[in-house]
Structure formats: structure tokens, C-alpha cells
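The chain below stands alone, shown as C-alpha cells; this is the form predicted on its own.
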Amino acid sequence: MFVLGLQGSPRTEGNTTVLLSTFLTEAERLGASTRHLDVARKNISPCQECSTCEKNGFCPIDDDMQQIYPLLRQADIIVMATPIFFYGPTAQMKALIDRSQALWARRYVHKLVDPGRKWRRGFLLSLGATKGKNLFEGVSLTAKYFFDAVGASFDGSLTYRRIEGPGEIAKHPTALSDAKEKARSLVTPFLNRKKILFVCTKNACRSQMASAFARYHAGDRIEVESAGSRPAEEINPLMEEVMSEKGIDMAFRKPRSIEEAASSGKPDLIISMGCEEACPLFPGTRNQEWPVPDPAGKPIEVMRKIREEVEERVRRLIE
């Protein structure tokens, strides 16, 4: 499983970093893969309100946000960590939030559902220097709608007042233990899932469809990876089109190699589709072959038939 931490403070070693790092370290100790993203050090331009995302589903601004969209889609848990600046998140974090409008548009304008949406969790960590009663109301409301835009439920927050000087969060009587406890409660349910690796030759079509359907229908019970023995540069656009006919959003996916998938850990089951002798052999792991024909270069009608066959096989596998 994958936990993405978004650190929004301009201070790279400040109290927000300490709190988020404590959460992520505990998640790693439990067995999760984590990524600590220093938002303030990323090149993220503000939203230009050009409406391109509402027209075609993608943001045209070419900056670091283009590498962040796939991470938001891959994550099982997203942790937003920010100090309070004028009763809201930092400007750096707000730029990332505003640019998530592209994901909002794909869901609410283009009516496409990210396969991980039903299972993804969002959590807020926030610190404020003052003791104001309403100190966290603004950032909490912002977090709620940010998590909805990126396809995550809002599973609550840990917020702490009167934290300003260097190292003060570590002196708080419960903050770090609270972060560890929350990490355990959010991460643990994901750790009991069976892990399945879907493999085809290019990881551009069949294995991508299978992984999307498995995550969509049973992401609470199955941790899904997909890979190719000879991965393509891009996913098959015709596959993306026929999946969108089912309302499934395949955006921000890139084919990857079996070696990359293997770095995520040993699967409980490998399902191969036309990969033949190039498919991996993990000692002690079952390897199942699905004789699904390769639709590459075939008309869209063939792609639709493959889509239906793959979904039916995935449903039977889940049962």
C-alpha cells in the first residue's frame, strides 16, 4: 500500500515536517510504502482559471504538478500537512489544491470515476501559532473539498494550537503519539489485503484494465499492481476510450516494468495475459494464465469485447 504525505510548510525541518514524518515513519514500520512530498520545494504554478481542465480533463500548465497527479491517483492514503497562514493552508499548499481542479473536472464534469476513489482515505495534520477558537475551521473546510476533488474520503484531522517555535511540536504531551496512533488506525485495514500482480507484454492495455477493475470492485480487499515484460511508452488510447464508456477513469497511468512492480513487494498471485516466458516467477507465488487475446492494433469493437472479458474474469476472481 502507498501513503502520500503532502508537506506544505516553507520550513523544511519545522514542526509540520516533524509531525508528518512521525506519521509516515509509523506507516512504514507497519509495512506501507510512503512518499514525503515537500510541496514548497516543487514548481507548482497557480491555477490560471483557463477552464481547459473542464473542457478536456487535463491541466495544460507544464510544471511539477504533472508528476503529482499520478501520485494522488496511486495513493491509498493522502495526508495533507500544513501550518496555518491567515486561517488557511500555506500559499504553496493552496497552489497544489487549486490545481486539483483538473481531477475535480474529470469526476464532476466528464463523469469519470477513478478506480481508487471508493477506498482512498484523506487526513489533515495542521499546526497554528495562536489559540483562536476558529483557528482550524478554514483549513478543515478546504481539506474536505480538496480530498473530495482528488478522490478521497475526509477521515478527520489532528490539529494543535500554540505551536510556533522550533521543536515545539516534539514538546507537546500527545502530538507525536497521536500521529503514530492515527497512522496505525488508517494503515492497518489496508495491510490485510491480498496482493495481485497483473502482467501482460506492454502493460498498456489488458493488465491495466484488469488492475483498474480489481481496484474499483474490491480495492478494500485487493492490493493491485500491473506491469509489462516489455512496457510501452504510453497506455493504449483506445483502451482508455472504452474504459471511459464504462465510466472508469484511466488517466495519469504509465506502463511500467516487472522489475518496478517487484520493488513493491511479493504478490500473493500473479495473473499473466499473453506474457509467456518473459513473465516473472516469484518463488512460492501462484501464477495463473488468462488466455485473453492482445487487442493492440484491433478495431474498437474488439477492444470492447476484451474489456468485457477482463471485467468478467476479475469479478470471478474476486468471488
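Just so it is clear, the structure is predicted and the values come from calculations on it, not from any experiment. Don't overthink the numbering: it's just position in the shown sequence, from 1.
Form predicted in complex with a small molecule: not shown, discussed below.
Legend entry - Close approach of E241 to the small molecule in the model of the complex, 4.5 Å, heavy atom: No.
Legend entry - the small molecule contact in the model of the complex: G128, any heavy atom under 4.5 Å: It does: once the small molecule is placed as it appears in the model of the complex, G128 has a heavy atom within 4.5 Å of it.
Legend entry - 4.5 angstroms heavy atom contact with the small molecule in the model of the complex for P295: Residue-level check for P295: no, no contact with the small molecule.
Legend entry - K305: touches the small molecule in the model of the complex, heavy atom cutoff 4.5 angstroms: K305: no contact with the small molecule in the model of the complex.
Inset, instruction - Identify whether the small molecule in the model of the complex is within 4.5 Å of every residue in the set R11, G14 and P83, based on non-hydrogen atoms. - result: Yes, each of R11, G14 and P83 comes within 4.5 Å of the small molecule in the model of the complex.
Legend entry - Contact segment among 69-77, 157-165, 96-104, 184-192, judged by heavy atoms lying within 4.5 Å of the small molecule in the model of the complex: Careful reading of the contacts points to 157-165.
Legend entry - Heavy atom within 4.5 Å of the small molecule in the model of the complex - the one residue of L135, I248, L124, A218 that qualifies: Filtering the options by heavy-atom distance leaves L135.
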